[in-house]
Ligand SMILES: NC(=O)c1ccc[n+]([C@@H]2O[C@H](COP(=O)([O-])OP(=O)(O)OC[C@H]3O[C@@H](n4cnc5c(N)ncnc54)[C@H](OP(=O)(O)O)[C@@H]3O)[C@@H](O)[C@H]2O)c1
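Okay, here we've got a single chain as structure tokens, the form predicted alone, with questions on binding and movement later.
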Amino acid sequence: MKAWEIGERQGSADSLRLVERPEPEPAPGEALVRIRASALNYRDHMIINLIDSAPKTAGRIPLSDGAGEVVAVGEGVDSVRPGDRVMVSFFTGWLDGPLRPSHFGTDLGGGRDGTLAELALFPAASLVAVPDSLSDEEAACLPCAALTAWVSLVEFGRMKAGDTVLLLGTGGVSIFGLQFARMMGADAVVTSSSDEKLARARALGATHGINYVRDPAWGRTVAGKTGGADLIIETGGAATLAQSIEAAAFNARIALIGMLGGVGIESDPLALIWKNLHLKGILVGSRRSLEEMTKAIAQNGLRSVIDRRFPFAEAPAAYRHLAAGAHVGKVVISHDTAQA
């Protein structure tokens, strides 16, 4: 089978190498999946470019997100069978309950081989059925970005109709957050440095769009326009947390999910105390949460927003497109088109 690996000289997408590997066979408890589509996350860019990340073992297959078809199962597997369309959980070992140290090392594309291959082995218990309403490409977008937004807004945030949700940027997590907000009757405010991206966010249902380059005090603007955001998905980290706190309503919930603006956060803790804010780190979610979210997506007819699709043979180009930051929504690699 063909697979992309991370090479010895890491630091850019050029370190990816296309190789031939023996076709794997499922052990007891495992399922062999023919991957039809993979999706990129900013984490994948960080890994390949060594951004706040140690080099990965050479030969690691990258990417955490993928969907496809079960082609074989190992002994004792009855939860899936050949022919089933499935997606795989980000942490293959985190099935339910709270995140624990033992779940680390089961993260796809980091602790274990990921989805950028024609075939991949996974614990059968980590797989979730793909609803008929979604294509493989759309399903491949769900396990990391969509689930992070779902856990942030629904499980932690307890989002309800009439809430105001603040979303920073137009990447995968923020766009799924916008879709979930509209699905549940909440208002969404989106920030971006691009007026074109803000126009696309409004077309997807955003109530307000704020260009943070022209409005450096955007936190105060959000508070003025909305009375304060009830829920915030904070992706910027050091560069944006102070403004997010400024934008927050009293008793708001802030889900800290990324560090696009750097690490080393310096913020006045009195601002958190004064507004009685809830600040929580979110690291994707469990298989149970993925299944519950997927059912809600199917029932409400939500479809993944895909910015651009790349063929399997052009995987490095997909990485470069993500790194350029021009996308709205998800960047997808289709394994069924123009394979090398």
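Predicted, not measured: the structure shown is a model, and the values here were computed from it. Start at 1 with the first residue shown and count on from there.
Another form exists, predicted together with the named molecule; not displayed. Remarks below refer to it.
Contact at R34, A140 and F312 by the named molecule in the predicted complex, all three, heavy atom at most 4.5 Å: No, none of R34, A140 and F312 comes within 4.5 Å of the named molecule in the predicted complex.
Taking heavy atoms only, is L283 within 4.5 angstroms of the named molecule in the predicted complex? Yes, L283 is a contact residue.
Is V189 close enough to touch the named molecule in the predicted complex, meaning at least one heavy atom pair within 4.5 Å? No, no contact at 4.5 Å.
So in the predicted complex, does V70 come within 4.5 Å of the named molecule, heavy atom to heavy atom? V70: no, not in contact with the named molecule in the predicted complex.
Given that the named molecule is not shown alongside this chain, does T170 nevertheless sit within 4.5 Å of it in the predicted complex, heavy atom to heavy atom? Within the cut-off, so yes.
Specify the contacting stretch among 103 to 111, 192 to 200, 245 to 253, 126 to 134, defined as having any heavy atom within 4.5 Å of the named molecule in the predicted complex. Of the options given, it is 192 to 200.
Looking at Q179, T92, T164, T148, which is the one with a non-hydrogen atom within 4.5 Å of the named molecule in the predicted complex? Here the answer is residue option T148.
Of these, A117, A229, I257, V88, which has a heavy atom no more than 4.5 Å from the named molecule in the predicted complex? Contact with the named molecule in the predicted complex is made by I257 alone.
Heavy atom within 4.5 Å of the named molecule in the predicted complex: which residues of 308 to 333 qualify? Contacting residues: L322, G325, H327, G329.
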